[in-house]
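The chain below stands alone and is given as structure tokens, in the form predicted alone.
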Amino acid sequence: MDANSKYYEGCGQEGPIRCIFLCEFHPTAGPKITCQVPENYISKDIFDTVSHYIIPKIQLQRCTLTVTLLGSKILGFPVRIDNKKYARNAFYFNLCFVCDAWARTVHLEPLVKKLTEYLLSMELETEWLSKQSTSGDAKQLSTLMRQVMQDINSRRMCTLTVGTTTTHLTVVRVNTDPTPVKDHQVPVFLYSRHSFVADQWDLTTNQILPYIDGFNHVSKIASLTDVEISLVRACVQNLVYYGVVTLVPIFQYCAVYSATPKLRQLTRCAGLQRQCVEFCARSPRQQPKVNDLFRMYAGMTYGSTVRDLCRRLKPQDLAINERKLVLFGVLEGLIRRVYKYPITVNNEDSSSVHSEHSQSMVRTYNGLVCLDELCCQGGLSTVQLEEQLERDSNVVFIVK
């Protein structure tokens, strides 16, 4: 069965860039493909069929155009440069992305436009495109297009440098803003941090990036970097929006997790097993066994904390880093965090918790704010706050 058979045009799913090609209107040969990566992905017959749309009349120049044909969707931004130095006094070109016909491509439109503007500026300055076309040697262009396709498909961003000219390309997510980031949430990279360059981000983001390690929560990052916490929240939310980081719960030994149905995949998928072993190893020289990893995940259930699990199964003897085990499990959906939400059941006397450390925590609870968030607000550990609230007969916990 075709791997794409479950998709259909208009399904709203994003897909990879399958090909990038540059076409032009040659003064004698007419419309033709100057260079494409990978080679021969778009055949001459298919190109000839759609060439009058890809190299359109003047009214459609500098407009984003999308053409769907024979299982492919072609996205371009045609440009015409008027100048007497060119044959016929003009140079027409169009850099095109090719995706599957079912794929959503609106998020790539700003990228195609920006990349075209970059090529246009180099053509105006040094005739970078037309010289390669005339000579028949488009190795530089081919290298550039290959880098764009690989980087955008793998990490949704790319930095290009030709001579002294540099541009940064980032896939813009066309969706609603993410839920506001909270102080107790932990950002973790979805791609290697070392794949990003400093000038892709503003100064504040560059200041906090080294402290995003999958374990530091937003409040701690603000403290470590001496950056105003509202700015840290804004930077992290921006990184979430662009798909650079995701948010996970704070790691705590007193936390409770529960295995999900997806845990079964750890017994079947060799790739997932390999990733889990490598990620959760206490040392690169000594890797844990898949059976031991599965046993620890399966032992995560209501009423059993991470501390309880470690005391029972002793992950250090199994070559397992329990902090990384939990992080990997959350990122892959193998486990989920079980939160506690305090709720006040009797409003007449909700102030029975008296502590010199927790006066600010005396309040009526609505069952909507978890202990992690309350601890960040009050500067208390989970154990401290939980013990204080358990002494208040008016407060009960919702566990979910």
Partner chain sequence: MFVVMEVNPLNIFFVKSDSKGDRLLFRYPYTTENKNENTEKQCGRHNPYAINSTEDLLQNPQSQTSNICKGQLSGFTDEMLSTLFAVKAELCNRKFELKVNDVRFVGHPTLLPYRTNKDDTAAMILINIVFALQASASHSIVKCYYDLSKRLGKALRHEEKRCSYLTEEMKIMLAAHDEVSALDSENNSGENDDEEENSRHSVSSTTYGTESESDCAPKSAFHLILQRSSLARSMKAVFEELSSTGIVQVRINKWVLLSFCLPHKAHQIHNKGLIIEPETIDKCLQKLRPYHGILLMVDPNELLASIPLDGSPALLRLIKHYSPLKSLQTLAIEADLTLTQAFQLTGHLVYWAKATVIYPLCEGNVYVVAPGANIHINSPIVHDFAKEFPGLCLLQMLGEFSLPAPLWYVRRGAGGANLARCVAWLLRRRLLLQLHTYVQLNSPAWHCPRNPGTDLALTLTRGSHCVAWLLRRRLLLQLHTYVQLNSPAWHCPRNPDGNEYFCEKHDIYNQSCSVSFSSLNQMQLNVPEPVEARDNVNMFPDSDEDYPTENNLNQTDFSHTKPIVIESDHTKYDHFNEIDSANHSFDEGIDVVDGPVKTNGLNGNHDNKEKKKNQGNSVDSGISSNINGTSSIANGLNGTMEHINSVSEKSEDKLKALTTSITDLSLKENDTALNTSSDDDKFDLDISPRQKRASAIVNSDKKNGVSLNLKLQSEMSFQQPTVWNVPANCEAAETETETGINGGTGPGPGAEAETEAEALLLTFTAEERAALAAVPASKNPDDLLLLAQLHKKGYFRGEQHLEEIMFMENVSRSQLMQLLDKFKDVLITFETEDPAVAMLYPY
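Residue numbers count along the first chain shown, from 1. Only the largest set of C-alpha atoms that superpose within 1.5 Å between the two forms is called the rigid core. Computed from a predicted structure; not experimentally measured.
What comes next is about the form predicted in complex with the partner chain, which does not appear here.
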Please check if residue 125 has a heavy atom lying within 4.5 Å of any heavy atom of the partner chain in the predicted complex.
-> yes
Should residue 263 be counted as a contact of the partner chain in the predicted complex, where contact means heavy atoms within 4.5 Å?
-> yes
Even though the partner chain is not shown here, does residue 345 get within 4.5 Å of it in the predicted complex, heavy atoms only?
-> yes
Contact label in the predicted complex: residue 48 to the partner chain, heavy atom within 4.5 Å | yes
Residue stretch of 202-210, 230-238, 243-251, 109-117 approaching the partner chain in the predicted complex, non-hydrogen atom distance within 4.5 Å | 109-117
Should the three residues 65, 267 and 291 be counted as contacting the partner chain in the predicted complex, with contact defined as a heavy atom within 4.5 Å for each?
-> yes
Which of these residues, 150, 140, 159, 273, gets a heavy atom within 4.5 Å of the partner chain in the predicted complex?
-> 273
Listed residue that, although the partner chain is not shown, lies within 4.5 Å of it in the predicted complex (heavy atoms), from 323, 295, 307, 155 | 295
Taking the partner chain as it sits in the predicted complex, which residues of 369-400 have a non-hydrogen atom within 4.5 Å of it? Please list them.
-> 396, 397, 398, 399, 400
If you line up the core, does residue 115 shift 2 angstroms or more at its C-alpha between this form and the one not shown?
-> yes
Threshold 2 Å Cα movement between this form and the one not shown at residue 73, rigid core reference = yes
Rigid core superposed: residue 275 CA moves 2 Å or more between this form and the one not shown = no
